[in-house]
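Only one chain comes next, encoded as structure tokens, the form predicted on its own.
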């Protein structure tokens, strides 16, 4: 594939030191779970107002380098008619887009799924590029079972989907984020999580290289390596940091533009503490930062509560949270 230096420039902007990527890419249905936290109905107006409060927060560009949108959100606009993507661009924040269409059962592999969304993806990328999107995200779901899951076949099949997605993204001038999420839910040990995450990333990057994806214009969005949510021993930040970085050094080529973390069901505080512990381990071959969703949005949503008079307090909560994660990404907490 022909090299595209603009991809490298976009990736570098997204991975700027002290900044992270806001994953505001909830589907309209998933947005209901966020709004339920503050007892609000899942209406287009509530979704718009919530996003507008977030994206217009004064000074957010100091901490946020990019925002991942969902299809309906990138098409949305402020109460004054400014497209959300333009609102970001005016502040030096890169708009992005989630392009996968969710998962379906993988036939013949009980308990495993495959991500959908490759049909007409080249046409969708062209449309999103016109709307201002310069990076994209595709999620792969990896479930751990102490006995059998995940299978190598499932990992390979999903990695092929990710490789095709990445090819199409780069051809459209869009930086692909590949997100192999190892699910936190479960009773698996830290050692099991490390083994599965390492194997997942090794198969993924072997596949990406086989299909000539330009790794220098690609970002990995990874789970942190930690014991499952139901495991009797809770992984400490230091254990998470050591296991996660061991995994990366075993699996991620140095050419990759950078790595961002998903929060993956952790509480906002735990996500931040683990991020800080990883950053304290010192410089790595790749820039490493965060791409949180709930861990950033939950505090501001609770401060807002759907009340216009709380908008300023909500933005303050958002900025405080973003600043804390910015410091954590530099190991300064």
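Positions refer to the first chain, counted from 1. These numbers come from a predicted model, not from an experiment.
Keep in mind that the form predicted together with a small molecule is not shown, yet the notes after this line are about it.
Trainee: Among 158, 247, 73, 263, which has any heavy atom within 4.5 Å of the small molecule in the predicted bound form?
Mentor: By the 4.5 Å heavy-atom cutoff, the listed residue in contact is 263.
Trainee: Counting non-hydrogen atoms within 4.5 angstroms of the small molecule in the predicted bound form, say which of 181, 194, 214, 112 makes the cut.
Mentor: Selected option: 181.
Trainee: Look at the stretches 50-58, 304-312, 36-44, 285-293 and give the one with heavy atoms within 4.5 Å of the small molecule in the predicted bound form.
Mentor: Heavy-atom contact with the partner occurs in 285-293.
Trainee: For residue 188, is any heavy atom within 4.5 Å of the small molecule in the predicted bound form, or not?
Mentor: So residue 188 does not count as contacting the small molecule.
Trainee: Taking 4.5 angstroms as the cut-off for heavy atoms, does residue 25 touch the small molecule in the predicted bound form?
Mentor: Because a heavy atom of residue 25 falls inside 4.5 Å of the small molecule in the predicted bound form, the answer is yes.
Trainee: Taking heavy atoms and a 4.5 Å cut-off, does residue 134 contact the small molecule in the predicted bound form?
Mentor: Flag for residue 134 set to no.
Trainee: In the predicted bound form, does residue 221 come within 4.5 Å of the small molecule, counting heavy atoms only?
Mentor: Output for residue 221 is yes: heavy atoms within 4.5 Å of the small molecule.
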